[in-house]
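Take a look at this one chain, the form predicted alone, written out in structure tokens.
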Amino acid sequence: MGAKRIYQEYQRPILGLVSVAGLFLAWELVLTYLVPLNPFFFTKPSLIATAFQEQVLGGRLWHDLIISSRAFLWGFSCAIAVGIPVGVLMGWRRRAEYTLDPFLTALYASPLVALAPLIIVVFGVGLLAKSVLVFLLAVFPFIFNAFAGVRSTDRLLINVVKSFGGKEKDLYFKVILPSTLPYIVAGTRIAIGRGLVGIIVGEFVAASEGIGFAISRFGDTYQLPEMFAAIFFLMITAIVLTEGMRKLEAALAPWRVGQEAR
């Protein structure tokens, strides 16, 4: 009975760990016993684990992560500061939607990653260019999810606030923002992945340090275990950030926890 209760409480991490462990085990067994491993073209988890340990204990990956995180935090913070107000404005004001939607849809559909060389030329090599690239990739999930959240707000709640003499700010902070919060959290999860892509692309194009530069350098020199170790290090960082957003959503919107559990 105790084991069942533990499983029900920690079902998500248990199933996630089992699936990841099964994938790595199959990968290791296939390349060890079934398919001859050519280390020049591919690698296996045991070699990646050794390289990961060396890179982490040596401190190099931590240094690269700190370098990359500065640009990520600047670009991501600006994406939040711009994306959420714009999305809320578009959802609440029909004229703002009609004015901004064509431009934002066109930009979102365009290959912004392809603009990385141009961004590097305009903003130079360094923190600013990478932050701009992160911002451009991460801002759209905030805009469109905030927009969808405002549109899904219960009109009955809005009418109740208005009937009791509520002002515009009361509608925003007491009805619209709480209703939009789950959509913003969902947009944040998407934006985290897109922002990390922006960091990687920016450091691929022009950088001398950072996690993206490390991946590029290891790949160019065919140090595949080290390259995969850096990739997995970045993936672990993304998982930690995403799970942090889940915890934040549970704290800010506890009514969503029961719905997700079903």
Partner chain sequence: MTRLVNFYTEREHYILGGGFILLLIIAWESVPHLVALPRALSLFFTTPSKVWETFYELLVRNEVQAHFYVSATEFLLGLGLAILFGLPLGLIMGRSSVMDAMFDPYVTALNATPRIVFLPLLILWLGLGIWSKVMIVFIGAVFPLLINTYEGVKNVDRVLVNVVRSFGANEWQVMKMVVLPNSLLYIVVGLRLAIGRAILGVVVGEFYGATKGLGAMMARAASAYQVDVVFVGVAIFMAVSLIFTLTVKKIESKLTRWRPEAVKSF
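Here, rigid core means the biggest group of C-alpha atoms that superpose within 1.5 Å across both forms. Predicted model, so just to flag it, every value in this text is computed and none were measured. Positions refer to the first chain, counted from 1.
The next section is about a form of this same protein that is not shown, the form predicted in complex with its partner chain.
- Note on the partner interface in the predicted complex: the residue among Met90, Ile84, Ala116, Ala71 having a heavy atom within 4.5 angstroms of its partner chain is Ala116.
- Exactly one listed residue, out of Leu61, Ala49, Leu31, Val205, brings a non-hydrogen atom to within 4.5 Å of its partner chain in the predicted complex: Val205.
- At a distance threshold of 4.5 angstroms between non-hydrogen atoms, Met235 is in contact with its partner chain in the predicted complex.
- In the predicted complex, its partner chain lies within 4.5 Å of some heavy atom of Val122.
- In the predicted complex, its partner chain stays beyond 4.5 Å of every heavy atom belonging to Val185.
- Not displayed here, its partner chain is kept clear of Gly126 by more than 4.5 Å at the level of heavy atoms in the predicted complex.
- Shown without its partner, the chain has Arg95, Tyr98, Thr99, Leu100, Pro102, Phe103, Ala106, Leu107, Tyr108, Ala109, Ser110, Pro111, Val113 in segment 88-113 as residues with a non-hydrogen atom within 4.5 angstroms of its partner chain in the predicted complex.
- If you fit the rigid core between this form and the one not shown, you'll see the Cα of Arg194 move by less than 2 angstroms.
- Comparing the forms between this form and the one not shown on their rigid core, the Cα displacement of Leu31 reaches 2 Å or more.
- Annotation: Cα of Tyr222 displaced by at least 2 Å between this form and the one not shown, core superposition.
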